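In structure tokens, the next block holds one chain alone, the form predicted on its own.
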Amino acid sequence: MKYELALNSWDEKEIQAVQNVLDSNHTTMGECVKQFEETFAHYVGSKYCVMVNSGSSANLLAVAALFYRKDNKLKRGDEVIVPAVSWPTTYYPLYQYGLKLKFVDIDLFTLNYNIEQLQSAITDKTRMVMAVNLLGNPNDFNKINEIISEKNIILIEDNCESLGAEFNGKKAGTFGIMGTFSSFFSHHISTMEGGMIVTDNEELYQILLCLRAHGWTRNLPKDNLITTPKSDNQFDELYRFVLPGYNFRPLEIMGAIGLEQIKKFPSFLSKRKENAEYFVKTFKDNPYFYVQKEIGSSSWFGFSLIVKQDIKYARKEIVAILMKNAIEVRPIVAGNFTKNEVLKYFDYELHGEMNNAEYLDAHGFFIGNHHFPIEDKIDYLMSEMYKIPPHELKHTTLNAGLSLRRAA
């Protein structure tokens, strides 16, 4: 490929960190994971961090934890509002815990919640809002908090694509009661597989620790907020189970790699933002494509391109040309998730039409951003765009009632 979607961000420091763990003969979750959790929590500005084996597991544990706290716990059948565009594991934990999903359309330009649609979707039945910060772009949390303030509505964030993003100087992933992150290969930092949950709530933190490892008490302090004080007899406490948990523990290698990656992340983020500035400048006022409109300070996971309404050539023709010329492209996350057959298993409803999500699904794609300068790759992309036969602009009725709603 001449313009890849994602590339390795490791060097000899990560390789040495792996070797150090192997040499220690302690490869299961241990001190490196603990140190990484503390370092990561400090970076994002949260009190607590729990590392797990993937961002998907992070979402599942975050949802599960809300069922086991003492007060204001979720229960099966509760309504949760979700955006129509995200990755499947935003939604699956909600289904798996028996929650009702209410899908809301996105804004075609920010790719996050359509704020007007979100506001109109809130009812007395709404118990939680799942905010997904898409492709590095934080939501407008001022407006979301205005909508849910003085209501008994929980806010959590799926921030798996948006490490380093900020809104009003505060890190994305810290606006809700919990926020989740991913350190999968293609993400802002990579620990091979991996995920993190952050929170300022001590009870939820302890629930997460318990759920992460079998639901046992072994990782809890003696006096904790979940159960009676632990026994001083360590043998008796080894196999004491108090919650129906999982085994989502990360490897010690993942923690060791994470410690090296988080040191480099400020540089990674700076380069991503410089690349984004060049990309946005290059595609500014482009007659053929919409590019993502930044909210706050995006961490620019990748660059979305959505073919405008009046363009004759279909996305499939453009994508075919780009791929033929070694430019790696993907749909924008999972597109309009409500089109998928898996929804037959869900308890869900659609709040109005998913017009923008459907338009993105049919006409959008995204390309990669990287942790190093890629002006040459962006120039190459643009040069291949110019080789596409000239477009004839013509009025096309794409969808009756289509409304390309801009962010309020």
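Residue numbers here begin at 1 and follow the sequence given. All figures in this text were calculated on a predicted structure; none of them were measured in a lab.
Another form exists, predicted in complex with a small molecule; not displayed. Remarks below refer to it.
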#### Entry: Among 146-154, 164-172, 271-279, 86-94, the region lying within 4.5 Å of the small molecule in the predicted complex by heavy atom distance
86-94
### Query
Might Phe184 be said to contact the small molecule in the predicted complex, defining contact as any heavy atom within 4.5 Å?
yes
### Query
For Ser56, is any heavy atom within 4.5 Å of the small molecule in the predicted complex, or not?
yes
### Task
Determine whether any heavy atom of Gly194 comes within 4.5 Å of a heavy atom of the small molecule in the predicted complex, and answer yes or no.
yes
### Query
Just to confirm, Ile332 within 4.5 Å of the small molecule in the predicted complex by heavy atoms?
no
### Heavy atom within 4.5 Å of the small molecule in the predicted complex - the one residue of Leu322, Ile189, Leu74, Val132 that qualifies
Val132
### Answer option from Cys160, Met254, Cys210, Ile106, heavy atom within 4.5 Å of the small molecule in the predicted complex
Cys160
